[in-house]
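One chain follows as structure tokens, the form predicted on its own.
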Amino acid sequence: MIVDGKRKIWKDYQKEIPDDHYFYVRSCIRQNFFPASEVMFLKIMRDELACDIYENEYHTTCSGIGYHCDVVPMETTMTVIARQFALMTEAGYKNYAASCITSFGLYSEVIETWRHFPDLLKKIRKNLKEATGREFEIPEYLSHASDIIYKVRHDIAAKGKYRLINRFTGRPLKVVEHVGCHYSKMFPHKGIGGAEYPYVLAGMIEAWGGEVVDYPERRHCCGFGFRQYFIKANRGYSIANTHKKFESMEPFKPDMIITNCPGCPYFLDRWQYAIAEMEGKTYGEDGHGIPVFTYEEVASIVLGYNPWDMGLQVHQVAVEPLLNKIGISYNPEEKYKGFNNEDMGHPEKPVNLKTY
């Protein structure tokens, strides 16, 4: 009875995720931070799982950063989003898949607002028609791309060449999962597990053989916080947030971190370098940092793709210690080679953080 009751309660924390036919929209900042992640997502969905996933070259930013920084008015943002939905409608799709956590949160907010204020929806339809001549339908399903990878996590595991296992010890890798605030905190019922038990990344870790690390600041912000970082004078708050998380997770000796937000992997990765330069402190083994990955990168690691094709060379914290633990073969000479085997140049090495 107790188990049945828990299962019934857990159903309230689930969401319906379509099996196929996605209209995919990229993130404006992810393409700059970790550009290969979205490419790998499309490759996995299309080549590995034979899914129908469509993207439109005329898609633009959702204006989320401008909105959250009080630069872009809400109705302007709504009209921009209405145009995105029009592109989906024109392409014949109903399942909207967002790469960006901020976009996902903003789409959720806008759709919910329209549901409660139909006159505002009517006004936005009118604005879009006058500005672009377009009309739109609201998506039947709104998913974040991590929802989709979560849904197919066991398929990826079945096709995988590697698992999140330390080949030297035979034990599961200790993995910190960091769920973006705009996924699980703004509208908890829109994410898997809600705000109390977000499971979207933990489910991937467990399916791929890893062990989820629970630590006191597990749900603390990564340190991005938009105006916390975009206003230069506030950046001390940003790095202090990140520092707090690393101090909290350090005793648990995690092997890696997996994230599902554009900003989170960037700041958890880059601030390790900054903290090491400022305080001489590193959080990984032997003077290395704790490598930070997007969920697409981890899925690609499991499937056995070339680490440099995934774009892992753009990470500030060295990924090689993690690849070595799993037993992934890679050519260090190819790390900084671009198209046509051209040398992209080598970054300057930091003083305190060990790199390869």
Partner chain sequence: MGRLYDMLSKDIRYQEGMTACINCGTCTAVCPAAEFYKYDPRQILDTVQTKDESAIENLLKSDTIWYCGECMSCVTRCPRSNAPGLVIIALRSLSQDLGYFTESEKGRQQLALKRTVGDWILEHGYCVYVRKVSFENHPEAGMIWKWELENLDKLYERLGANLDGKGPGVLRKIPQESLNELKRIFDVTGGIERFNQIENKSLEKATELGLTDGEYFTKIYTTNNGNHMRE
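Residue numbers count along the first chain shown, from 1. In this text the structure is predicted, and so the values were computed from the model without any measurement.
Omitted here: the form predicted in complex with its partner chain. The next part is about that form.
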Could you check which residue among 181, 175, 152, 200 gets a heavy atom within 4.5 Å of its partner chain in the model of the complex? 181
Could you tell me which of 297-305, 284-292, 52-60, 319-327 sits within 4.5 Å of its partner chain in the model of the complex, going by non-hydrogen atoms? 52-60
Evaluate residue 73 for contact with its partner chain in the model of the complex, applying a 4.5 angstroms cut-off between non-hydrogen atoms, and reply yes or no. yes
Would you classify residue 207 as touching its partner chain in the model of the complex, given a 4.5 Å non-hydrogen atom cut-off? no
Any chance residue 48 has a heavy atom within 4.5 Å of its partner chain in the model of the complex? no
Going by a heavy atom distance of 4.5 Å, is residue 243 a contact of its partner chain in the model of the complex? no
Residue by residue through 181-220, which ones have a non-hydrogen atom no more than 4.5 angstroms from its partner chain in the model of the complex? 181, 182, 185, 186, 195, 196, 220
